[in-house]
Ligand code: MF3
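The chain that follows stands alone, in the form predicted on its own, written as structure tokens.
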Amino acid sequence: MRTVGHLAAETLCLVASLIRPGTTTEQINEFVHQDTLKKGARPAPLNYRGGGRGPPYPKSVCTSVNEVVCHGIPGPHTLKDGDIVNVDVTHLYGGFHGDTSATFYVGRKLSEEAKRVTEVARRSLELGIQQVRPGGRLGDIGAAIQEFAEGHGCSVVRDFVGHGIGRKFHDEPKVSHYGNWGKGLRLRAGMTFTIEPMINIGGWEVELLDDEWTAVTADGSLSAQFEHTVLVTESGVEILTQRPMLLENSEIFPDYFGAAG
């Protein structure tokens, strides 16, 4: 899990240099596909069915632009100055999965709403991870995220959750990004799962498009997401998809919330 997490994080870092006005989401997909294979891994999303009866996912990565909450399918869509785009990478290597994502800024004509929803999502993930420890509860993760996001005027998507991960892409437990302190499954050392809050600038409700994969905000508002695969250790938490460097075109507002953020 450490190895595949490291590989997925490396790919996400390399994707960052592609994020600019004029890049198509298909170009991102092709890069991720080739880089994954170069690492000796396989892109887990490609032809994934998700346990449902719908069509298999047709691409090697998810690219979710602006109002797309998750599972955006790459194609001819061209990124524009001022857009935000989440890129969700999952590698399968040695029989194990590593899953990570980040939201990137496209260009520099960024609205205040784009910055707020992206930075709230980033900080929400950090706060959720801080709750991971042996003896903690899944509800603590959701409560920390929900309190922070709603306290900054955003909402937390409820239809999609984090998940157990390992030999299976999606496994138990389900990790909600909203909840109550002290409630839910008790965490124990050795668990691996994702935390991946999807944060909307408007309401939390989502709609599924006709392709049966792409989820968008019901009110058309912006959405952002960040994701890590984590391990519960004997003393706390280890981020298995920890990145080896700052993310270009994403981690560009380090002081957004100030010292008290």
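Numbering starts at 1 and follows the sequence shown. Every value quoted in this text rests on a predicted model; they were computed, and no experiment measured them.
Below, we turn to the form predicted together with this ligand, even though it does not appear here.
Although the chain is displayed without it, this ligand can be placed by superposition from its pose in the model of the complex; doing so yields no atom within 2.4 Å of a backbone or C-beta atom, and the site is open. A heavy atom within 4.5 Å of this ligand in the model of the complex is found for exactly one of 201, 62, 28, 68: 62. With the partner removed from view, the residue among 163, 116, 137, 123 that has a non-hydrogen atom within 4.5 Å of this ligand in the model of the complex turns out to be 163. At a distance threshold of 4.5 angstroms between non-hydrogen atoms, residue 169 is in contact with this ligand in the model of the complex.
Only one of 105-113, 83-91, 150-158, 174-182 places residue heavy atoms within 4.5 angstroms of this ligand in the model of the complex, namely 83-91.
The partner is not shown here, but in the model of the complex the stretch 184-198 reaches within 4.5 angstroms of this ligand through a heavy atom at 196 alone.
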